[in-house]
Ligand SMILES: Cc1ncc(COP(=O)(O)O)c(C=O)c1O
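Presented below, as structure tokens, is a lone chain in the form predicted on its own.
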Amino acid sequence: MSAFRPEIEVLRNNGITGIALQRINDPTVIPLWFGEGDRVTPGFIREAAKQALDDGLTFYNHTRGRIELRSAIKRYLDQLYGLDLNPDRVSVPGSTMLGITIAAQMCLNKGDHSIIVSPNWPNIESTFQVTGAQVCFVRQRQEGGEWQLELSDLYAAVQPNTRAIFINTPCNPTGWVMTPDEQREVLEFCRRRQIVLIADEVYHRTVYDAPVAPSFLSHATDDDPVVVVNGFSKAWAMTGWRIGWVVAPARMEEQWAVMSECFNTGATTFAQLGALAAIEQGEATVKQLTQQYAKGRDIVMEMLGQHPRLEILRPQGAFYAFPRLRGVRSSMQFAQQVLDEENVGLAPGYTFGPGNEEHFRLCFAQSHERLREALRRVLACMDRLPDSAFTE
């Protein structure tokens, strides 16, 4: 009998790390497996963090984040969505993933039921599983040339002991973007049932037909059972900084302070000063990156959209494509072969939830010529696959 919890004993690397850890940071690999590009964080953000170090800002901070950063996040969200957020709702506990982890710990117990809208980033499943809760998936449908969530599917999955629903919009990996009407309806459903809605909006600025994606913040009141999680990784090219924010019910202010203290004693001090520079001075950066990603999306659709074995839908947001390689027996085996033979890193589809074995994910945030070269290699490997690699 193990001394450790069974929910921990069963944890294994997801399919992304299962591929990537073999050759992470190998300069011969074009890495399309992670959600980041090849542009370093802009200089003005790095300089702000360096200045903070030079100024000796290496001590403990408020566990919910420095007041000037929380205030800047409030102003940013107010301006973006036409709000007047209660500042007590904003916390900066550390990374965006940490925000999701704390939210799950706050609402899920062993024996509870939870729902993840899928396809989904695999770490969400692990985060929910370690609470001891039962996890089920509601899969988006491919309809009308787009990924869509059928709300009746979501409601049908709810059980009497459902305590949390996780929704990521814009979605990693499909690029699906939830509409304001859908958000309003789902929030009202959760409000009636007292189900905690954990909304991951980290790709809020990576949309291609609007300056910002719709947000649950536009509909939530101070004490609604919703935690909106966001961060700096994607919009400002700050993946390695591990800093994000949450907007949670105002009455949970003290609990977020306590949980942040338990997990990591608060976000890294000098990283918060870099984040402050990003959110106050980085609007041009956000727009430039979105333009780069939009062109990357065009390149992917141009190069992969006509292949007879591929089914690919144009993403509405985020910076991933999630093609279906019809009939492929193993998405992990395919990703491994592309890595071994062509030095391109892909994420196998099976790891994004049930029903995705024929899919793979690629990130199109890389510089454009590098992206084109990677896609040429992927196509070359795909065209060499023997018939035995496919089911009939």
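Numbering starts at 1 and follows the sequence shown. For clarity, every value in this text was computed on a predicted model and none was experimentally measured.
The same protein also exists as the form predicted in complex with the ligand; that form is not shown, yet it is the one meant from here on.
Can you check 92-100, 175-183, 291-299, 141-149 and let me know which stretch has heavy atoms within 4.5 Å of the ligand in the predicted complex?
Checking each option against the 4.5 Å cut-off leaves 92-100.
Just to be sure I understand the contacts: of 118, 127, 268, 233, which is the one whose heavy atoms reach within 4.5 angstroms of the ligand in the predicted complex?
Here the answer is residue option 233.
Quick one: of 242, 75, 314, 307, which gets a non-hydrogen atom within 4.5 angstroms of the ligand in the predicted complex?
Comparing distances to the ligand in the predicted complex, the residue within 4.5 Å is 242.
Quick check on residue 322: any heavy atom within 4.5 Å of the ligand in the predicted complex?
Result no; residue 322 lies far from the ligand in the predicted complex.
Hey, in the predicted complex, is residue 202 touching the ligand, heavy atoms inside 4.5 Å?
Yes, contact at 4.5 Å.
Residue-level question: is residue 114 within 4.5 Å of the ligand in the predicted complex, judged on heavy atoms?
Because no heavy atom of residue 114 falls inside 4.5 Å of the ligand in the predicted complex, the answer is no.
May I ask you to check whether residue 206 falls inside a 4.5 Å heavy atom distance of the ligand in the predicted complex?
Residue-level check for residue 206: no, no contact with the ligand.
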